[in-house]
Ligand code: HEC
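Just the one chain here, laid out as structure tokens, in the form predicted alone.
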């Protein structure tokens, strides 16, 4: 795979630099270099070979979004499972095991070979700490999953369930719940990264006005379109709607 070869070249170049300058690689980096050199000799074996041991995963994969991937004019032989996991002959010869095949859940760069826009979003000021190694793409996305929303690899089981795994305090239930939650957390949050605090998709009250300034929207504020309280701060920081996800005490989302 082109992306994996580039990664290997970069790592080998870094290794040469460390050798010339007399510096030493960390043990983690050295292990990664050794692993990439080890896997470099692997050959593609095809998904039917994978299915001999991973029958469940292959069956799910055939019904997933990723199964639609087709690399035009590809000459490497990478297809299906091996597009993400790399050539599997070393893994097969070892009768399975860890460390002898690429695991995208341990290295998001594999995902970034295709999802280049997401890598850029993770570099924005406010983002989930994927590049820092504190979480992985697979913490939110199931690349094999069949019960997913199209083109997201997140579960249809509940539109917010992926977020609630970590943000349990936002789950509720609330006596008065913000209707935006019915459309999902992405109504207000850019989930990979944003230039705005809390990964919001817009700044201050401009976020709320995306819905609440509509002429036919059932809930507005102010008189004759004059949002006079905005001079005091955002909708949730001016002492007004302090609980934007929902409240058990006040239908205006306040404590």
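Numbering follows the first chain given and starts at 1. Keep in mind that what you see is a predicted model, and the values were worked out from it rather than measured.
Separately, the form predicted in complex with heme C exists; it is not shown, and the next lines address it.
Visitor: Whether residue 249 contacts heme C in the model of the complex should be assessed with a 4.5 Å heavy atom distance threshold; does it?
Guide: No.
Visitor: Find out whether any non-hydrogen atom of residue 125 is located within 4.5 angstroms of heme C in the model of the complex, and reply yes or no.
Guide: So residue 125 does not count as contacting heme C.
Visitor: Just to confirm, residue 99 within 4.5 Å of heme C in the model of the complex by heavy atoms?
Guide: Residue 99: contacts heme C in the model of the complex.
Visitor: Hey, in the model of the complex, is residue 42 touching heme C, heavy atoms inside 4.5 Å?
Guide: Contact with heme C, no.
Visitor: Do any residues of 176 to 205 have a non-hydrogen atom within 4.5 angstroms of heme C in the model of the complex? If so, which ones, in sequence order?
Guide: Residues within 4.5 Å: 178, 179, 180, 181, 183, 184, 185, 186, 187, 188, 189, 191, 192, 198, 199, 200.
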